[in-house]
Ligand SMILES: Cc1cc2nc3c(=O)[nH]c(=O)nc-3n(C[C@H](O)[C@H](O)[C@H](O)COP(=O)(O)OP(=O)(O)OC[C@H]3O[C@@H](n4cnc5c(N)ncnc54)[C@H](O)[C@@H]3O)c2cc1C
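The form predicted on its own is given below as one chain in structure tokens.
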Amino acid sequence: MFYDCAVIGGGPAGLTAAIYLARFHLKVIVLDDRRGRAVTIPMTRNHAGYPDGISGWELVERMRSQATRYGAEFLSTEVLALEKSTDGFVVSSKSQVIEAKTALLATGVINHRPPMPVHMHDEALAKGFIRYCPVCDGFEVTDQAVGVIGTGEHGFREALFLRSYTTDVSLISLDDRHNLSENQTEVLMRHGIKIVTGPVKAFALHADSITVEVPAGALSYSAVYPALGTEVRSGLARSLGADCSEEGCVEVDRHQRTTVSGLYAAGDVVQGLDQISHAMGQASVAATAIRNDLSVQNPLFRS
């Protein structure tokens, strides 16, 4: 089957692009392994238009339904390879091979998780005891006890950011080193942020808190933020020789074009603010660029 665009990734970025592309009367397919971060969000309350909040799963399902209404197709599968061809791209997945004139990468990132069993992590995430985005939900921990698990610059910056919501912030090292400079240590202490030395030995979930066990004892928090970084899912872009940053983010121009002709990228796989609204904005730009770039070959699209 030949498509105008293959969208790889079915989160807010990929689905926004699919809605736009389908409404441009383009033939589009979304390939999604259903492992995106958005579906794990128990409730987001800073996404405009939902004053009472909406779960990530419901938001994604609404967007899938909207894209389907306008003719976008979906394939639930993991993409194994993306290759250039004479007419565009060949996308190889676990279930089938498709061809497309263009491809949009909306593959996102994977959070580095704290060392806890998967079932415990998922329960803690669902209950709001584990939180990954202080920009999204720092408001929800206002005046509560918060633990940040991380070291170095990343841990330092996240602890300081959360300090604007609550006076009770602890920075906990995953092992026995914090890797903080003297200036960083001084800044944390000046703002009343507690520096707790690991290693983190275990976690426990309670009715209204999460406990982190360290050499100093078991410490209780309303929420814990892992500041452990992410893995950017840019392997497909790199396999085609697309330029990426040191962190692995796909580099794009102001129209979300990568350095590979016909390949576009949007969302968290691109350098920028990891926010649903930002990903959706990038995707709308990318989809419009795809439409306009394809119109050079066929201005009308429809016979």
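Note that residue numbering begins at 1 and tracks the sequence as displayed. It should be emphasised that the depicted structure is a prediction, and the values quoted were computed from it without experimental measurement.
This protein has a second form, the form predicted together with this ligand, left out of what is shown; the following refers to that one.
Though this ligand is absent from this view, in the predicted bound form it lies within 4.5 Å of a heavy atom of just one residue from 174, 160, 195, 125, which is 125. Interface residue among 69, 62, 34, 255 relative to this ligand in the predicted bound form, by the heavy atom within 4.5 Å criterion: 34. Proximity to this ligand in the predicted bound form holds for all of 77, 133 and 276, with the criterion being a heavy atom within 4.5 Å. Between 146-154, 187-195, 164-172, 99-107, the stretch whose residues reach within 4.5 angstroms of this ligand in the predicted bound form through a non-hydrogen atom is 99-107. Residue contact with this ligand in the predicted bound form: residue 233 places a heavy atom within 4.5 Å of it.
Contact annotation: residue 111 falls within 4.5 Å of this ligand in the predicted bound form, judged by heavy atom distances. Interface residue remark: residue 29 is not counted as part of the site for this ligand in the predicted bound form, having no heavy atom within 4.5 Å.
The shortest heavy atom separation between residue 259 and this ligand in the predicted bound form exceeds 4.5 Å. Contacts to this ligand in the predicted bound form (heavy atom within 4.5 Å) from stretch 201-222: none.
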